[in-house]
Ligand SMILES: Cc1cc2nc3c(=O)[nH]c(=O)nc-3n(C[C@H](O)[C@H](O)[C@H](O)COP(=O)(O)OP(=O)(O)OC[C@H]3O[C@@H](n4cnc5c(N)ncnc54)[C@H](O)[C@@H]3O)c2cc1C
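There is one chain below, alone, in structure tokens, taken in the form predicted alone.
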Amino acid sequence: MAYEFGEKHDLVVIGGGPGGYEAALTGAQLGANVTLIERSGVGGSAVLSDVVPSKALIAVAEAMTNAAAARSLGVEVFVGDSDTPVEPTYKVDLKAVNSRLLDLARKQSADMTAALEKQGVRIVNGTGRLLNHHAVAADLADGEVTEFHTDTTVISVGAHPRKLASAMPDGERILTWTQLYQLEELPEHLIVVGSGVTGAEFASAFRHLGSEVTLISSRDRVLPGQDEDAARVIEEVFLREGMHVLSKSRAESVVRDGDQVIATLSDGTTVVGSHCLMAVGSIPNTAGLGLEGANVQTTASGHVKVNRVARTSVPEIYAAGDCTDFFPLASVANMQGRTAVYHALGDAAQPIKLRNVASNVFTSPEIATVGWSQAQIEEGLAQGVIYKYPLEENPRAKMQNITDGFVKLFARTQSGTVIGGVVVAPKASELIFPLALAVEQRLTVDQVANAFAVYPSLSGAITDAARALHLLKG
């Protein structure tokens, strides 16, 4: 059957992840007739099986780490009326933890659904695909097909974990990151293949939860795409905490052998564990979407090509999130979805500047970055000076017994304009915001230094670094 709206602008959104949700919400708030087609639940995989549960799992690992570290601050544990302190042992009930994580994800999805419905968004449970630049079909669960007229379409279908034929996940012992939440017991020995952001985050989390962890990296260091100093700190922490890090090692295959998994490396050596997490990238969910028939251009990998306002090669079709060739972050997907609708409906649309995007790696400690990198400055791609402030010199860090991490600032030569920064610290994801604001608003190091930071605070490290750059900017 066909469904057509009235005279208002018709907006159809395919995919309800961060980008699709934001596009649908923004469209409804601007007065459009909005239909959202989503097959698994509002929030998509980001909410239901990726970002929300993974960061909640990391929060549990952080809680265990803080509890275990309390003794170093003078906290003692007693049992009953005993006057003798005991050394507590902390264990995680992974079944209970995963149950809570998935329940949290479902509640977040329900809250997002309610927010859309409140704004009048029509939500269709099905799989969307393009018919042409003004028509979209939804394949419903009951086999029916519903067609929608649209003035504008926003595609936000996300991505799924890449699988290798030589290490095919079975959902029990060999796992993708979306399958970890089905585990009922903590892995005795987790092998993690892939030392990028996903691999490093889960390796860090499961080590703190109590698993023996072996991280297999094909590169010469973990987190090869991150600031070199930051990655070095994380690797040092991994090794100090007893993680096995195999650098310059490529896993040729991973097979299950009963209750064990065997990873065979390219040099013929093997690593035996109880479970294996495959963190080897992702693939956009663009197959079968009708992109070619609608003349929407894609990359060789299947990602949708978009410009800075999230517009595709077809003027009436936009795309947001991990299915595009933009930065694969939930925050960027949000911004793309919102920007796409602003542009399509004639509102003020500010083109997205990837240089201003703040990103975070949720290891322990975290790594947060924004703007130009040190490597780019050293290569001459940007003119700037660099200052690194060790976190262990910060008064609040001393109070909290924080010894790993730093704040690194990059400022334009002569003008002193902040052009980038790196924070390695607990909750670096929170500390990066003032630097992101400085980059976005082109503040100088003097302006940052003149802002009052609470004393004592970790954010005081930012103003201290900015004051140091006043003398170095030239």
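So that there is no doubt, residue numbering starts at 1 and follows the sequence shown. Computed from a predicted model, the values in this text were never measured in an experiment.
Only in words, not in the display: the form predicted in complex with this ligand, which the text now covers.
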### Query
Val193: heavy atom within 4.5 Å of this ligand in the model of the complex?
no
### Message
Even though the partner isn't displayed, in the model of the complex is Asn285 close enough to this ligand, meaning a heavy atom within 4.5 Å?
### Response
yes
### Message
Under a 4.5 Å heavy atom criterion, is Ala320 part of the interface with this ligand in the model of the complex?
### Response
yes
### Query
Leu431: heavy atom within 4.5 Å of this ligand in the model of the complex?
no
## Note on the structure
Checking Pro169, Gly302, Gly210, Gly126 against this ligand in the model of the complex, the residue with a non-hydrogen atom inside 4.5 angstroms turns out to be Gly126
### Query
Of the options Gly371, Gly158, Gly273, Pro365, which one has a non-hydrogen atom that comes within 4.5 Å of this ligand in the model of the complex?
Gly158
#### Entry: Proximity to this ligand in the model of the complex (heavy atom, within 4.5 Å), stretch among 330-338, 142-150, 211-219, 231-239
330-338
#### Entry: Residues within 4.5 Å of this ligand in the model of the complex, restricted to 223-251 and counted by heavy atom
none
